[in-house]
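Let's start with one chain on its own, the form predicted alone, as structure tokens.
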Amino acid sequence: MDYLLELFSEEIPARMQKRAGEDLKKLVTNGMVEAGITYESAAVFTTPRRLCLNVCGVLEASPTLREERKGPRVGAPEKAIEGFLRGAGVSREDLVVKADKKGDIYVVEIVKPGRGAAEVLSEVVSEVVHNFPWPKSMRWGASQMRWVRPLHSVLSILGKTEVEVVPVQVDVPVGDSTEGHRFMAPGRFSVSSFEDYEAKLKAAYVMLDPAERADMIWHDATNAAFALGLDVVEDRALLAEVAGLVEWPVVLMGGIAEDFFALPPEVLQSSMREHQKFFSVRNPKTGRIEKFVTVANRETADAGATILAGNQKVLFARLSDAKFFWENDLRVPLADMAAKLENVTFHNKLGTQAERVARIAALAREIAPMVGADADLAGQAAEICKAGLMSEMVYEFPELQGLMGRYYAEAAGMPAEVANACEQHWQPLGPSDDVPSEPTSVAVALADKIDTLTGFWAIDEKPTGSKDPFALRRAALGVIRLVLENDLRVGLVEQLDRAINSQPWKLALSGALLNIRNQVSEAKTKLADPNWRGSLLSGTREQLEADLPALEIATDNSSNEYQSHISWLAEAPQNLLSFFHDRLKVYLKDKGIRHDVIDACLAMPGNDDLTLLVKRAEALQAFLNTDDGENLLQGFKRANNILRAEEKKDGVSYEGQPDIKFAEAPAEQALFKALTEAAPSIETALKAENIEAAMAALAALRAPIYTFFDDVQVNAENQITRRNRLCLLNEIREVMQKVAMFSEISG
């Protein structure tokens, strides 16, 4: 049997349709399975006016279930037996005595008869409809039901050749009928199966599958553009949204007045996409947006001419506004735009946007030489990178921030590196966003993100749990991607320390402390003068004497707060570096690096150089995937375990230098020789930051270490020999842990 459900309503917002379809499918099918009704497959479809679920291969009835439930022991108090009978829903005659480990007990067999699919579906669908998880819902008329928009009817049929209407407990008609297109095919019609339903809907100008509607829109739009030698600007999010706005898509192409061709293409795209849901059509020869595509929900006698005329009239007004904003902004020098940032508070403890820009500029100049950028260009770019925020265009289209800054910088004749940095300093905004590669852009982008992180760290506004109101995790990932994908060598701790100590909260606390100390000093000076009697403005001598203890207490409190903050700031760079490491672990795990390999590299010195750290992790994982690496790790584990056990037992450390003159066995002497030869090679490779060569030098130790453990007894009876061999094991540990902290690796 197959089950077909349609919930027909007023227009469902496009942004809610996909999630609603997924929820409907999950809730209904899960409810069926929990009730014992299985099925073969299920598919969901959405249009602006309907949610549809088609379930194939539905089991006719749930199976009869038998459960043996154990009760009290024989001879138990009567109240215990009666309570068991009530809970099981049986009478005393149904009880059976059976032997158990602790004696005879009462047992009852409870039979739960199967139920027909129609009964189960009626119950499940009624529950789902009344408790559907819409983000927003409403009541209408006298109904107490809630739905995203007023619900008109429910189609609910079950069967294959002969179908029955499955009742649903709702305040609207339930049956085997639905409606077609609101304007092109009004009126209801009955259906007998999903195939019949889909075919009749299409005949009634309703395309049920949103993917089919999207494909049709894109096909017709690109064909119409191609015929004119133009390209439709790809916008998958807009395509999905428009497919959710229409049941019968009709693609129409309109023109844009030449007055607006001079506007930046992104301005035209944003205006048309956000306000009109239009696709932009680009001339590939000029790069200009010259036409638009709109999607109507019906066919008309004039082939959409009236619709296009109305759309073009509204679009002309929208683009006229955009042109006004653009021309007004071009009249304002960038320096004047940037000056307006003094009136915008970034955070009450971190100052204004202008103060933040000054910090970013100073930091960008420091970072510039490390990333191959010119310090003056980086500073110049940082000083104007936020100016676009004060433009009328960005106020109207916030999504264009950064991009408009580039256009304004270009219009002002700024160097290309400066203009590009204005656009790219926001990036990357997420794990899939592009990463700037131009040195000036990289310097400003790093400075911007580091200032954000250190600012909120300095005032102890760190992310907690799933809460991250200031997007600090995203900023940290942005720094990581900027460093790694540009192969930069940046010591993060130094930059974090510099940035944290430039944050204004420390200066504010210092100023508050100095102010109150000055008040106390001034009060004591006045009271020490026997001739001072006070005045109306400064107060009387008696008032000052009464206020002095409170001022001294306030001084102590302010001093304690300042010292506490200074201590916090001293620890903040390392604290923040740990935050970076946590983000880096997630980043590397997504790239297939094992967590224990990451920990082994994080435990090494210089772990604030993320590029070197990642190279070490990649080389170490590749090494451990070889036979030499895996066997050498086991040799290290064996040496480390013996050492820890013997050091604990003896209460001493075996970190002394072993002496080859006490080496008795050939395998022992061979290991001495191998370690002596490997150590300089490893040191040379590490100084050259050639991690692969260091791993190769380690590989030469595999055979001597294994032969040593096979042929030599470490805990010899001679104590000098024993100590020398334990020191030799420590030498293995120290040589290997110059490359990575192998003790952190599992296996």
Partner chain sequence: MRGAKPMDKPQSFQDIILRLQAYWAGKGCAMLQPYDMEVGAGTFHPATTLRSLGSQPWAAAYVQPSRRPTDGRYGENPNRLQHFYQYQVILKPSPPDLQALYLGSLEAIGIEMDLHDIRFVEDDWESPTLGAWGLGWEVWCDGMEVSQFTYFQQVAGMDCKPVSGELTYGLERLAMYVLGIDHVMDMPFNSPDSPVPLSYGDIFKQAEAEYARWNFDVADTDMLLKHFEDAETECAAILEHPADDPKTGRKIIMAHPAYDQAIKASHVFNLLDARGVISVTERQAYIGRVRALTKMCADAFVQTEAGGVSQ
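Bear in mind that the values here come from a model prediction, so they are computed numbers and not experimental data. We call the rigid core whatever largest set of C-alpha positions still superposes within 1.5 Å between the two forms. Numbering follows the first chain given and starts at 1.
Keep in mind the form predicted together with its partner chain is missing from the figure; the text below concerns it.
- Proximity of residue 183 to its partner chain in the model of the complex: non-hydrogen atoms within 4.5 Å are present.
- Looking at residue 258, you'd find every heavy atom of it more than 4.5 angstroms from its partner chain in the model of the complex.
- Though the partner is left out of this view, residue 141 does reach within 4.5 Å of its partner chain in the model of the complex, counting heavy atoms only.
- A residue is said to contact a partner when one of its heavy atoms sits within 4.5 Å of a partner heavy atom; residue 149 meets this definition for its partner chain in the model of the complex.
- Proximity to its partner chain in the model of the complex, taken as heavy atoms within 4.5 Å, picks out 294-302 from the listed stretches 294-302, 208-216, 280-288, 604-612.
- This chain lacks the partner; the member of 314, 99, 237, 528 within 4.5 angstroms of its partner chain in the model of the complex by a non-hydrogen atom is 314.
- Think of it this way: in the model of the complex, its partner chain has a heavy atom of just one of 200, 644, 275, 498 within 4.5 Å, and the residue is 275.
- Along 1-28, residues 10, 11, 13, 15, 16 each place a heavy atom within 4.5 Å of its partner chain in the model of the complex.
- Relative to the superposed core, residue 650 undergoes a Cα shift smaller than 2 Å between the shown form and the other one.
- Relative to the superposed rigid core, the position of the CA of residue 138 differs between the shown form and the other one by 2 Å or more.
- With the core held fixed, the Cα of residue 327 is displaced between the shown form and the other one by less than 2 Å.
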